[in-house]
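First, one chain by itself: the form predicted on its own, in structure tokens.
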Amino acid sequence: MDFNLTTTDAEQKFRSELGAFLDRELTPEICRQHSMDLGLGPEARAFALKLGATGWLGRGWPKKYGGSGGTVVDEYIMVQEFARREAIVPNIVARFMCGPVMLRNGSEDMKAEFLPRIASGEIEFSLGYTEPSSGSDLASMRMKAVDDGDSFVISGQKIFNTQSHFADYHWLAVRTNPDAPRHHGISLFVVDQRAPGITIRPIETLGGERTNEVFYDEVRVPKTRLVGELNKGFYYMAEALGYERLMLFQSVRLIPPFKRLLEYTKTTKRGGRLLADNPDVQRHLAQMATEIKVAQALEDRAFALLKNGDPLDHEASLLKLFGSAMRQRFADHALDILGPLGRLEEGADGAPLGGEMAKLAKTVVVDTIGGGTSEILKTVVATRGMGLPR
């Protein structure tokens, strides 16, 4: 296995130019305006368009579809540079989840209609996968689409569709052949999120962000909005999962809060001595630093596969499995270090580090559930990675 991640001069130049742009344009408001925090706001929308105008949001895509050329390395550089600054790539679902599937499997008309708008920062998608009765078992979904001439008529319910209240389109997976084996009768559609017959209701979460349940009542969707082939949707979703998990989780995002916590221990006393002099605090910090390095090593290994053109199979599941649990342990270690005051939240008087660790502790609860539960991922690693029987 080639683990050499050294980039070319062109890729290094891209990293430098993008970093300078982000240092100049990113603000604290923009960094927090994403689906897992404050939600998309006007500043983040304007920033997405500005990034799109540079051509960098479409970096790695063909120019004929609104991209600016480049390689998969460029795409990885982009998500890393955002993560270093505790920001998220704008329109990230469209750019790193829906767009790549569309690029590989969509019709020419679909690619021409949507990909340039994604690359320009104009539109965002919401994922419509999970249902109340299916959870991570996507093959068991029941929401159905019925063929009706030049359209499909869709009815049913989705849940935990986090961006639906501000996304422009729904990346919707539904059952189109109820008589086929579970994995063979699912199709993907692009649906206008404000189409007649769609109702969006909010779900407020422990972490403070909003997600949604989405109801379809005989919604008509043109057949031109079918992604790829009929009944192949499950395989398109599975094909994209490894890439998504590598691009959406970056352990470098934890380095800035770790550094702030470390500095806090060097300047804050408890019981007459600095926290940094406490052996228990030192053990917590050492464990946190070690696990960040382990997660980075798993990312590097998965990225080496992607760079070499090899499939991401259990490696991406292993990365998500470890990384999601690691983020939860990171928050637990931080709260142990901060003591009772660490539970004070943003805006509370005396909250250490502005209450960021209390917020983190709540937001990471979903990490081992969303995007595939840890129980599912353990089975994937055991069967595909270790060759154990199903």
Partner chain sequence: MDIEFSEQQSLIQNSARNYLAATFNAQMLRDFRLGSQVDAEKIWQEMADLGFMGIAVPEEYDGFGGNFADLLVLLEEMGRVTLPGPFFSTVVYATEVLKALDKQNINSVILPAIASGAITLALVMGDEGNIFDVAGLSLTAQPDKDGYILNGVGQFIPNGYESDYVICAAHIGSAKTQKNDTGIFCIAVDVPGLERKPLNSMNGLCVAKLTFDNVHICRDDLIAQGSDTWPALEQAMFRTAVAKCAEMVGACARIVEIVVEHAKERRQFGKPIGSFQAIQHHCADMLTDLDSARWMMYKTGWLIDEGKASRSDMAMTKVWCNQACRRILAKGHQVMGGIGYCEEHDMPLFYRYIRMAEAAMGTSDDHLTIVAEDLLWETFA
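All figures in this text were calculated on a predicted structure; none of them were measured in a lab. Numbering follows the first chain given and starts at 1.
Below: the form predicted in complex with the partner chain, not depicted.
The contact with the partner chain in the predicted bound form, taken as any heavy atom within 4.5 Å, belongs to 137 out of 137, 229, 313, 86. Taking a 4.5 Å heavy atom cutoff to the partner chain in the predicted bound form, the contact residue among 63, 50, 343, 32 is 343. Although the partner is absent here, residue 258 is a contact residue: one of its heavy atoms lies within 4.5 angstroms of the partner chain in the predicted bound form. The partner chain is not drawn, but in the predicted bound form it has no heavy atom within 4.5 Å of residue 23. The closest heavy atom approach of residue 106 to the partner chain in the predicted bound form falls outside 4.5 Å.
Among heavy atoms of residue 376, some come within 4.5 Å of the partner chain in the predicted bound form. Every residue of the trio 160, 329 and 381 has some heavy atom no more than 4.5 Å from the partner chain in the predicted bound form. Segments offered: 220 to 228, 89 to 97, 270 to 278, 171 to 179. Contacting the partner chain in the predicted bound form at heavy atom distances within 4.5 Å is 270 to 278. Residues 362, 363, 365, 366, 368, 369, 373, 374, 375, 376 are the members of 362 to 377 with a non-hydrogen atom no more than 4.5 angstroms from the partner chain in the predicted bound form.
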